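A single chain comes next, written as structure tokens; it is the form predicted on its own.
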């Protein structure tokens, strides 16, 4: 047992000083501090770092943070929802998301004004029209005589972006692969289907990505998972460990894991399932350094990243 000493604050303290001071706290504060410590250790070890991104994090304002993590190689592999890629591209094309106050959340009126709502964020329909034109142009530059994996399609789309603050553009420039297993469940998937109606030769193999992701996992000296939310990206990432053989020292599953979620495990959902539960599947190593932090990602991620940046910089 460890004594609870509480966190102290003072004028001019840094984010890292605040987070480090939470180590002697319990509940979410203690878990946040542990997440920062695990992330720091991932970066100091020879670790291949996978990040799974679910939820509407880009519309909520996490785009720049994640793009910066990619550019600085604080992550090596991305698994995300199609929605986050869609909204990243929308921003890259010069259209934006806007916060709306609660008293103005009149959805039928927003519909009349050609705006769609994501909780307290709105985006104009024109953004999606611009997205459609961009996606079609990107597809027209691809080779119609070959089959593409989803990862290759995403890379081809990203290579047409010029915004340096884009997650996808940053990933292409940094040679960080981006996987999107449920891409059909997004505007990119919808426009891919529309494009295929006119260009039947355009072929995408939805299963090719699995071998590439598994190979990356198997070739890694150490593996770390950063799971933001849950859903398909979380499962697609963790199931990779089910196929990989144990290493020479007997290790199996991920060596490090951080999960940030607002879901709890009582209803049996994947998004709420603890990392301890994942050990029963062999997805997380028995002796892995892991923590599940119950917190809004938009609060926890910038704080953890800022603290670890300061430590690695020192």
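Numbering follows the first chain given and starts at 1. All values reported here derive from a predicted model rather than from experimental measurement.
The discussion below concerns the form predicted together with a further copy of the same chain, not included here.
- Relative to a further copy of the same chain in the predicted bound form, residues 14, 23 and 265 are all within 4.5 Å by at least one heavy atom.
- For the options 73, 136, 130, 196, the residue carrying a heavy atom within 4.5 angstroms of a further copy of the same chain in the predicted bound form is 196.
- A residue is said to contact a partner when one of its heavy atoms sits within 4.5 Å of a partner heavy atom; residue 147 meets this definition for a further copy of the same chain in the predicted bound form.
- None of the heavy atoms of residue 222 is located within 4.5 Å of a further copy of the same chain in the predicted bound form.
- Interface membership of residue 97, defined by any non-hydrogen atom within 4.5 Å of a further copy of the same chain in the predicted bound form, is confirmed.
- Put simply, residue 32 is close to a further copy of the same chain in the predicted bound form: some heavy atom of it is within 4.5 Å.
- Shown without its partner, the chain has 56, 59, 60, 61, 62, 64 in segment 45-64 as residues with a non-hydrogen atom within 4.5 angstroms of a further copy of the same chain in the predicted bound form.
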